[in-house]
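Shown here is one chain on its own, the form predicted alone, set out as C-alpha coordinates.
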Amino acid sequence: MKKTATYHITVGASTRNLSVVREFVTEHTKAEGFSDTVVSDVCLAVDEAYTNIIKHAYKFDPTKKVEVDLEFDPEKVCVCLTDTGKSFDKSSYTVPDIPKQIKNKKRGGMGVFLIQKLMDRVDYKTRDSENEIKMYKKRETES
(Lines give C-alpha, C1' and ligand atoms only; values in the text may rest on other atoms or scores of the structure.)
Protein backbone atom coordinates (compact mmCIF):
# COMPACT_ATOMS: atom_id res chain seq x y z
CA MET A 1 0.00 0.00 0.00
CA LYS A 2 1.46 3.34 -1.02
CA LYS A 3 0.85 5.76 1.83
CA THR A 4 0.08 9.34 1.03
CA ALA A 5 -0.38 10.64 4.57
CA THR A 6 -0.29 9.36 8.14
CA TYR A 7 -1.49 10.92 11.38
CA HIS A 8 -1.22 9.78 14.98
CA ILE A 9 -2.55 10.67 18.43
CA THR A 10 -2.39 8.99 21.81
CA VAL A 11 -5.35 9.47 24.16
CA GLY A 12 -6.32 8.23 27.58
CA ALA A 13 -8.99 5.52 27.68
CA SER A 14 -11.84 7.73 28.82
CA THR A 15 -15.18 8.71 27.33
CA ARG A 16 -14.05 12.29 28.01
CA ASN A 17 -11.72 11.87 25.01
CA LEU A 18 -14.42 10.70 22.58
CA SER A 19 -14.72 14.22 21.15
CA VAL A 20 -10.93 14.49 20.75
CA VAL A 21 -10.85 11.24 18.77
CA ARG A 22 -13.90 12.25 16.68
CA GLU A 23 -12.37 15.64 15.84
CA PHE A 24 -9.03 14.01 14.93
CA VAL A 25 -10.69 11.54 12.55
CA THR A 26 -13.08 14.12 11.08
CA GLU A 27 -10.39 16.74 10.46
CA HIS A 28 -8.07 14.41 8.58
CA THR A 29 -10.63 12.39 6.61
CA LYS A 30 -12.26 15.63 5.41
CA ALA A 31 -8.86 17.14 4.54
CA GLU A 32 -8.07 13.98 2.54
CA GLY A 33 -11.19 14.53 0.42
CA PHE A 34 -13.63 11.96 1.78
CA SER A 35 -17.35 12.78 1.55
CA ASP A 36 -19.39 13.82 4.58
CA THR A 37 -21.16 10.43 4.49
CA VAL A 38 -17.89 8.49 4.59
CA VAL A 39 -16.46 10.77 7.26
CA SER A 40 -19.57 10.14 9.36
CA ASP A 41 -19.36 6.35 8.86
CA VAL A 42 -15.66 6.25 9.76
CA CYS A 43 -16.21 8.44 12.85
CA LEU A 44 -19.05 6.25 14.10
CA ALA A 45 -17.00 3.08 13.58
CA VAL A 46 -14.00 4.59 15.39
CA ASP A 47 -16.30 5.81 18.18
CA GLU A 48 -17.62 2.27 18.69
CA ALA A 49 -14.16 0.68 18.58
CA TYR A 50 -12.71 3.23 21.00
CA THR A 51 -15.68 2.80 23.37
CA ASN A 52 -15.23 -0.98 23.26
CA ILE A 53 -11.58 -0.56 24.27
CA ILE A 54 -12.56 1.74 27.17
CA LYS A 55 -15.28 -0.65 28.40
CA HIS A 56 -13.98 -4.13 27.63
CA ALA A 57 -10.19 -3.94 27.24
CA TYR A 58 -9.48 -1.44 30.01
CA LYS A 59 -12.62 -1.70 32.21
CA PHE A 60 -12.93 2.10 32.37
CA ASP A 61 -9.36 2.71 33.60
CA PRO A 62 -8.61 6.25 32.29
CA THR A 63 -4.87 5.89 33.01
CA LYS A 64 -4.54 3.42 30.12
CA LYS A 65 -3.64 4.68 26.64
CA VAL A 66 -5.07 4.16 23.18
CA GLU A 67 -3.06 4.84 20.03
CA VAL A 68 -5.05 6.11 17.05
CA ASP A 69 -3.38 6.02 13.63
CA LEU A 70 -4.78 7.14 10.30
CA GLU A 71 -3.18 6.06 7.03
CA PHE A 72 -4.42 7.40 3.72
CA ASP A 73 -3.58 6.17 0.26
CA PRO A 74 -5.19 6.93 -3.09
CA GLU A 75 -7.83 4.20 -2.62
CA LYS A 76 -8.73 4.21 1.07
CA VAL A 77 -8.23 5.20 4.68
CA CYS A 78 -7.04 2.76 7.33
CA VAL A 79 -7.79 3.58 10.96
CA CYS A 80 -5.82 1.57 13.52
CA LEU A 81 -6.58 1.62 17.25
CA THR A 82 -4.00 -0.03 19.50
CA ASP A 83 -4.37 -0.90 23.19
CA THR A 84 -2.69 -3.14 25.76
CA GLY A 85 -5.81 -4.28 27.60
CA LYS A 86 -7.80 -7.51 27.48
CA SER A 87 -7.96 -8.70 23.90
CA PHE A 88 -11.17 -9.15 21.92
CA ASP A 89 -11.95 -12.82 21.30
CA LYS A 90 -13.36 -12.74 17.78
CA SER A 91 -14.24 -16.46 17.97
CA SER A 92 -16.75 -15.78 20.75
CA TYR A 93 -18.55 -13.06 18.77
CA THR A 94 -22.02 -13.80 17.45
CA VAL A 95 -24.01 -11.50 15.20
CA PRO A 96 -26.77 -9.88 17.27
CA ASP A 97 -30.42 -10.68 16.55
CA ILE A 98 -31.50 -7.13 15.72
CA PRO A 99 -35.31 -7.65 15.76
CA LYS A 100 -35.03 -9.47 19.11
CA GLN A 101 -32.84 -6.69 20.57
CA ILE A 102 -35.34 -4.06 19.45
CA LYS A 103 -38.32 -6.07 20.73
CA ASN A 104 -36.65 -6.55 24.13
CA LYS A 105 -35.37 -2.94 24.15
CA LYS A 106 -31.91 -4.30 24.87
CA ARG A 107 -29.13 -1.71 24.76
CA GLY A 108 -25.52 -2.46 23.90
CA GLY A 109 -23.89 -5.36 22.11
CA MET A 110 -24.11 -3.66 18.71
CA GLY A 111 -20.64 -2.09 18.44
CA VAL A 112 -18.83 -4.84 16.56
CA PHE A 113 -21.84 -5.35 14.27
CA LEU A 114 -21.99 -1.61 13.51
CA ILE A 115 -18.24 -1.37 12.85
CA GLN A 116 -18.46 -4.24 10.35
CA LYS A 117 -21.47 -2.69 8.59
CA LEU A 118 -19.94 0.78 8.35
CA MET A 119 -16.46 -0.19 7.19
CA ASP A 120 -15.29 -2.15 4.13
CA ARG A 121 -12.89 -4.37 6.05
CA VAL A 122 -12.06 -4.91 9.73
CA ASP A 123 -9.07 -6.87 11.05
CA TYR A 124 -8.24 -7.74 14.65
CA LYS A 125 -4.75 -8.73 15.74
CA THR A 126 -3.06 -9.41 19.07
CA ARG A 127 0.73 -9.37 19.13
CA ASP A 128 2.66 -9.74 22.38
CA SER A 129 0.71 -7.46 24.74
CA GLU A 130 -0.80 -5.22 22.04
CA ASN A 131 -4.22 -5.44 20.46
CA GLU A 132 -4.98 -3.81 17.14
CA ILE A 133 -8.19 -3.17 15.31
CA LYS A 134 -7.66 -1.99 11.74
CA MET A 135 -10.67 -0.59 9.92
CA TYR A 136 -10.58 0.19 6.21
CA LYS A 137 -12.89 2.41 4.16
CA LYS A 138 -12.53 2.86 0.41
CA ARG A 139 -12.82 6.20 -1.33
CA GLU A 140 -15.98 6.64 -3.36
CA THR A 141 -15.52 6.55 -7.09
CA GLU A 142 -17.38 8.87 -9.41
CA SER A 143 -19.66 7.06 -11.84
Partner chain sequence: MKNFKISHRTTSGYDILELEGELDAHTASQLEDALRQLINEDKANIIVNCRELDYIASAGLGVFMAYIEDVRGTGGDIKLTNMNEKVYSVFDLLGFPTLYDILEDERDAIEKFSSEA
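A quick note: this is a predicted structure, and the numbers were derived from the prediction, not measured. Numbering follows the first chain given and starts at 1.
As for the form predicted in complex with its partner chain, it is not shown, yet the points below apply to it.
In the predicted complex, its partner chain sits beyond 4.5 Å of every heavy atom of residue 126. The closest non-hydrogen atom of residue 18 lies within 4.5 Å of its partner chain in the predicted complex. With a 4.5 Å cutoff on heavy atoms, residue 121 does not count as touching its partner chain in the predicted complex; it lies far away. When its partner chain is considered in the predicted complex, residue 85 lies well away from it, no heavy atom lying within 4.5 Å. Scanning 84-107 for heavy atoms within 4.5 Å of its partner chain in the predicted complex gives 98, 99, 101, 102, 103, 105, 106, 107 in sequence order.
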